[in-house]
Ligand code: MLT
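Just the one chain here, laid out as structure tokens, in the form predicted on its own.
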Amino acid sequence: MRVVLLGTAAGGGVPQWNCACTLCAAARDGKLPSRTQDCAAVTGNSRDWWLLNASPDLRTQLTATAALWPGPGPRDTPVRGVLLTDAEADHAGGLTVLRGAAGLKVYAAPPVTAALAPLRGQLDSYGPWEWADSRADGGFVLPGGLVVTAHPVGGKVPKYVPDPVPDPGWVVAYRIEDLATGGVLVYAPCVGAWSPLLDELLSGADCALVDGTFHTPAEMGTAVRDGGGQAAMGHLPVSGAHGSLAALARHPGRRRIYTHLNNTNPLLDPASAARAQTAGTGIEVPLDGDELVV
């Protein structure tokens, strides 16, 4: 299984257009790498590619990745569809970039599909797509030899959704297994609180892409709700006794990677103490465009 990290930043990217913080300024000056918003592409046969989320930066990401270029026909594309983890604009806004590509398939949890109904109507006017339930019992098999199961990891609802129906599965993590090799990837870029389910998923994985949005819960002036490491913006912080770094440290022997980094996160700076601590635990902070083989 090949995995290309198309984007590794949280909403707004790095630098964020309206932010003059130290890290964004360093990225503008070329002192730190720029990053686009979180998105990945996965394939089991190097021909059929599936997007994990669709960021607003998707056009730039696709044109920067040779494996995803169109051809051989004028409108042929190796992109077969999208697996959405949630309905956030940062993860679904890029669907509009794909408009006109008839025959794509989008997997999403039922509340996500419902929330995106207005957008779905617009997209269908360009070319019909198929929408499928990512949480269907038994999972699903993707062309290219990948079997996928979606696992609820949170009930965070996007701000634009009026009167949302409560559902603990608004946000999902994906377990993706290569049927040919047995390699397993876990993709969980949005995690509000660590759970036994996540420990179970990681215990059977070869590689995990995990939410690294904030290093501390106070980074954006937010407070921890319950003292258990859950940040008010719905992302588990990296640091602290109940943070994701401590949880990931329980899973040595697996490749563990942070993605979805906010522009305030000191992990963006390779020279920071936070980055040194993370590296000492064996957890990686890759760049946009990096490719993994699982």
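What you see is a predicted model; the values in this text were computed from it and never measured. Start at 1 with the first residue shown and count on from there.
If you look for the form predicted together with D-malate, you will not find it shown, but the lines that follow are about it.
S.K.: Is residue 282 one of the residues lying within 4.5 Å of D-malate in the model of the complex, judged by heavy atom distances?
M.R.: Flag for residue 282 set to no.
S.K.: Given that D-malate is not shown alongside this chain, does residue 233 nevertheless sit within 4.5 Å of it in the model of the complex, heavy atom to heavy atom?
M.R.: Yes, residue 233 lies within 4.5 Å of D-malate in the model of the complex.
S.K.: Examine residue 120 and determine whether its closest non-hydrogen atom to D-malate in the model of the complex is within 4.5 angstroms.
M.R.: Judged by the heavy-atom cut-off of 4.5 Å, residue 120 is well away from D-malate in the model of the complex.
S.K.: Would residue 286 sit within 4.5 Å of D-malate in the model of the complex, counting heavy atoms only?
M.R.: Residue 286: no, not in contact with D-malate in the model of the complex.
S.K.: Using a 4.5 Å heavy atom cut-off, indicate which stretch of 22 to 30, 248 to 256, 233 to 241, 60 to 68 touches D-malate in the model of the complex.
M.R.: Contact criterion met by 233 to 241 only.
S.K.: Who in 89 to 116 is close to D-malate in the model of the complex, meaning a heavy atom within 4.5 Å?
M.R.: Residue within 4.5 Å: 90, and no other.
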